[in-house]
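Below you will find one chain, with nothing else, as structure tokens; this is the form predicted alone, and questions on how it binds or moves follow later.
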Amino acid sequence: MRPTIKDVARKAGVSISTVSLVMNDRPVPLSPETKRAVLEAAQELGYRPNQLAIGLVTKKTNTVGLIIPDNSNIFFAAYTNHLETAANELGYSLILGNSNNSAEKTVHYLHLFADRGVDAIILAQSEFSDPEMTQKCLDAVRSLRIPVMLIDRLFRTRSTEAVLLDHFEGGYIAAQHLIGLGHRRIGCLSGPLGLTSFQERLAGFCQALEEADIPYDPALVVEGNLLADSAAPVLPALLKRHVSAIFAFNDMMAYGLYKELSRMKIRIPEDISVIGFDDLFFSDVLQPSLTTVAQPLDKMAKAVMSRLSQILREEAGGESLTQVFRPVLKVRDSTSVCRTETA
């Protein structure tokens, strides 16, 4: 049976209130001997304070809910890891909800976490391809009485805190890199273009084409589902259009390209260049290593938790803040000078 605060008080020979003061590190005048007796008793009994009970008194649980759209996506696994590290450094714990890209499940987790007494919520998908689903999510966020921080896939119009990447610049620097290598027929394996982040990546890509006087060909842009299996159905169509390079809008889809190109005996980068987006762990391990647009997830995670901590300490001021981080191009071995006559 779990030891209680009464057991600790009895073993240490002090009152229950004294145990509470020591365990919660309250700034009260207690002798070193008393504190030591309480802490030793708690350790011997294996006593841990009841966080739920503490939360009822303090109105804080030092817990933050995190809702991600897909826990099988390595990107969100990596981001979750950075967020948990940043949260722990500030004395918070994370609890995770996986929505499986469902607006209904997202709304469910928003209400569930609020009902469970979390201090704040981090939401990694607040925009969906269906505008009605996006509105339902937005309404749910606005109905909560706790802070909600938006990350990654965001509302077009938002009135809450957000930490995001400059997706336009990400698409721009990816295209600029390939153009600088002499590529002119560049295919795109995009994410769902109903989502703002992928529209912005494509817009940045198109801006780089325009600056290089390369006509935009919509036939060279195909949508994927952000998973590795996106590549197989669409790659033949891109190859028939004689692309010399492909920009995958995330590393997971780039991995799928590697698999399919290898199966077709097409070499990277000798026959075709490939560039990804995210800079996941495996991208530096692949052979050849993947050139990619990196998101500074560690810095973004720290910004998320630092801002939430400010808000929870009531030190953030009155206006919502959007923090935008710049992506970084990681040039590796999967891109090279264009060698095809059709480029």
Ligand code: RIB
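A residue's number is simply how far along the shown sequence it sits, counting from 1. Predicted, not measured: the structure shown is a model, and the values here were computed from it.
This next part talks about the form predicted together with ligand RIB, which is not shown.
Taking a 4.5 Å heavy atom cutoff to ligand RIB in the predicted bound form, the contact residue among Tyr255, Tyr109, Phe198, Phe205 is Phe198. Residues of just one listed stretch (134-142, 75-83, 109-117, 239-247) have heavy atoms within 4.5 Å of ligand RIB in the predicted bound form: 75-83. Not displayed here, ligand RIB is approached by Asp152 to within 4.5 Å at the level of heavy atoms in the predicted bound form.
In the predicted bound form, ligand RIB sits beyond 4.5 Å of every heavy atom of Leu189.
Looking at Ile268, you'd find every heavy atom of it more than 4.5 angstroms from ligand RIB in the predicted bound form.
Taking the partner from the other structure, ligand RIB in the predicted bound form has no heavy atom within 4.5 Å of any heavy atom of Leu235. Interface residues of 260-279, taken as those with a heavy atom within 4.5 Å of ligand RIB in the predicted bound form (partner not displayed): Phe277, Asp278, in sequence order.
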